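There is one chain below, alone, in structure tokens, taken in the form predicted alone.
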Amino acid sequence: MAARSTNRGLDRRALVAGVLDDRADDLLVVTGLGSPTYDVAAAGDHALNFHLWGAMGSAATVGLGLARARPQNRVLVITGDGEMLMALGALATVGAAPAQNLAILVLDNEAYGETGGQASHTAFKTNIAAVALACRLRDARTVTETVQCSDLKEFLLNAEGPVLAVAKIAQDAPERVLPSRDGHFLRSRFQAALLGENTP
């Protein structure tokens, strides 16, 4: 599903595209600040994508709120290691108030891509999947090789949640694909799609 990059780590765009390929009509996708948003946008615009421009640290908790409010929908949070490290307490909340329909994908390049590529804590062996398990998420795993990606989509979209996967990705920076940055538009479109109304 995801081709291995020429440098260390998985190809982030191929990985995200593989997870979202032929997505269910009712899948809700929440994206964290920066590159995860660009990756999801590159996989295709969708009214049920909710991009958190400027709300760093909020992806997991927004996803949890959606999952608890919409138990009939699968909710997939796609975020980065920097944001997840900023909000490790969110994993404790996810574990304490679990939602069976919630999955979190952490794209971990071991760097703070939005602020210059400084090494993040995961470069120094902080293990986000282990933290998730300690916070009582139902399952968590780390994907480092292409061969492990074969069941990643099934895990994220169908395993009983809350679950978390960390994908170790390359540190390259693909060309940015920018969805709308109009927060009012994104909120209104997402809300209309949830309610089955015509989207703007």
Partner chain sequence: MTETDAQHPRDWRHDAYDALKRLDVRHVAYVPDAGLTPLIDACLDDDQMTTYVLTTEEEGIGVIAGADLGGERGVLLMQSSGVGNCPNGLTLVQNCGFPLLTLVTMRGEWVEFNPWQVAMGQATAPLLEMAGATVWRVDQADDVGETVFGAGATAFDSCVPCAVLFSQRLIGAKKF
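Numbering follows the first chain given and starts at 1. Worth saying up front: this structure is predicted, and the values here are computed from it rather than measured.
There is also a form predicted together with the partner chain; it is not shown, and the following applies to it.
Check residue 100 for me: does it contact the partner chain in the predicted complex (non-hydrogen atoms, 4.5 angstroms)? Answer no; every heavy atom of residue 100 is more than 4.5 Å from the partner chain in the predicted complex.
Residue-level question: is residue 90 within 4.5 Å of the partner chain in the predicted complex, judged on heavy atoms? Yes, residue 90 lies within 4.5 Å of the partner chain in the predicted complex.
Residue contact check: residue 142 to the partner chain in the predicted complex, 4.5 Å heavy atom: Answer no; every heavy atom of residue 142 is more than 4.5 Å from the partner chain in the predicted complex.
Check residue 184 for me: does it contact the partner chain in the predicted complex (non-hydrogen atoms, 4.5 angstroms)? So residue 184 counts as contacting the partner chain.
43, 166, 156, 64 - the one with a heavy atom within 4.5 Å of the partner chain in the predicted complex: For this set of options, the contacting one is 64.
Heavy atom within 4.5 Å of the partner chain in the predicted complex - the one residue of 170, 55, 131, 27 that qualifies: Here the answer is residue option 55.
Any idea which of 35-43, 170-178, 157-165, 55-63 reaches within 4.5 Å of the partner chain in the predicted complex, heavy atoms considered? Of the options, only 55-63 has residues within 4.5 Å of the partner.
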